[in-house]
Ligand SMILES: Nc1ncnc2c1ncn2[C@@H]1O[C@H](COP(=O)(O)OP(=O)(O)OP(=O)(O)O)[C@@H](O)[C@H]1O
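Below you will find one chain, with nothing else, as structure tokens; this is the form predicted on its own, and questions on how it binds or moves follow later.
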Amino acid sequence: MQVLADTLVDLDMDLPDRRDGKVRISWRLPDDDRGGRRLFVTTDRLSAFDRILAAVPDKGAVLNRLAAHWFARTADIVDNHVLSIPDPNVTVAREATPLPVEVVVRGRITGVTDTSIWGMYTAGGRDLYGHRLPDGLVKNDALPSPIVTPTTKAEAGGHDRPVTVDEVADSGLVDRALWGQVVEVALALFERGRELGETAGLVLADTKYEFGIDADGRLLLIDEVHTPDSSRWWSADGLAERLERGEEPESLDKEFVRRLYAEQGFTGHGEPPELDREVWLAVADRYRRVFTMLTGDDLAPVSGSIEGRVKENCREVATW
């Protein structure tokens, strides 16, 4: 993993039930009259191809603050797990049991790997995730309408497995009535993202949502929403001309990294090549740019230890 200066890669807290994801670390907070809560710290780690590749300046703050922005702007569609944001990299959230599927909504046909929807389409696939796609689509085209393409959640080190919308309920992964609600909510969230993104000069090509059930049985939107880690955000400026010339969109998200690796012949198998420091700085600039375009805010510059700041800002919600 390539680590740039002024990044948060890991930290320790004297809290129980530590859980590590590729980007986030969480702990259970001490019980109080508010019930089950978890503290989530979003690091600056960047993962792609199911592995952690680098630590990028400001990435964690962008993800955490942008997710908070979208949680607030979609609360009328579905409840979410957010309780407070005590630090740019931290979310205090309700505990929830995640559903065993990731819900991907796609408005465009795109991707660089052989397991992407574009990769499957070019290999001859037309019935994808239970949806029949027409012949004649060109990479990055808009689909006739947004589609839900679920995947199962793999164990650590494994790969997610595509399933159809019907298979999720038929196999018992999610209760049928609940799954119907999830699909309806996911499409509504995507439409909200597309509408607000358009006003900011951005195109939401596709995105991933995660849902959970809280102790009261409520459906919650969890993890993150419409961030450049979980979504493909394209600059709308000049997009039509780029596509007409057969060029790729200007990506303000993690797809920028995937394309650079693909240009070097790496698509997730074997040892990834090292990229220059300037590449990761360009990634950081893209993340900051999409944050500002969507929120209208600028990120405060990093000063001092991020780990020290996180711990100081969280003292009111936890003790270590």
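Since the structure is predicted, the reported quantities are computational estimates derived from the model, not experimental observations. Residue numbers here begin at 1 and follow the sequence given.
The same protein has a further form, the form predicted together with this ligand, not shown here; the description that follows concerns it.
- Contact check for Arg108, Arg194 and Glu250: none of the three has a heavy atom within 4.5 Å of this ligand in the predicted complex.
- Contact with this ligand in the predicted complex, defined as any heavy atom within 4.5 Å, is confined among 119-127, 89-97, 141-149, 180-188 to 89-97.
- Though the partner is left out of this view, Arg18 does not reach within 4.5 Å of this ligand in the predicted complex, counting heavy atoms only.
- Contact check for His81: a heavy atom falls within 4.5 Å of this ligand in the predicted complex.
- Interface residue remark: Phe40 is counted as part of the site for this ligand in the predicted complex, having a heavy atom within 4.5 Å.
- Mapping the unseen interface onto this chain, Asp223 counts among the residues with a heavy atom inside 4.5 Å of this ligand in the predicted complex.
- With the partner omitted here, the residue from Lys153, Arg218, Arg242, Arg176 that has a non-hydrogen atom within 4.5 angstroms of this ligand in the predicted complex is Lys153.
- Just one of Met13, Val310, Val23, Val302 comes within 4.5 Å of this ligand in the predicted complex, counting any heavy atom, and that one is Val23.
- Of all the residues from 193-214, the single one having a non-hydrogen atom no more than 4.5 Å from this ligand in the predicted complex is Glu210.
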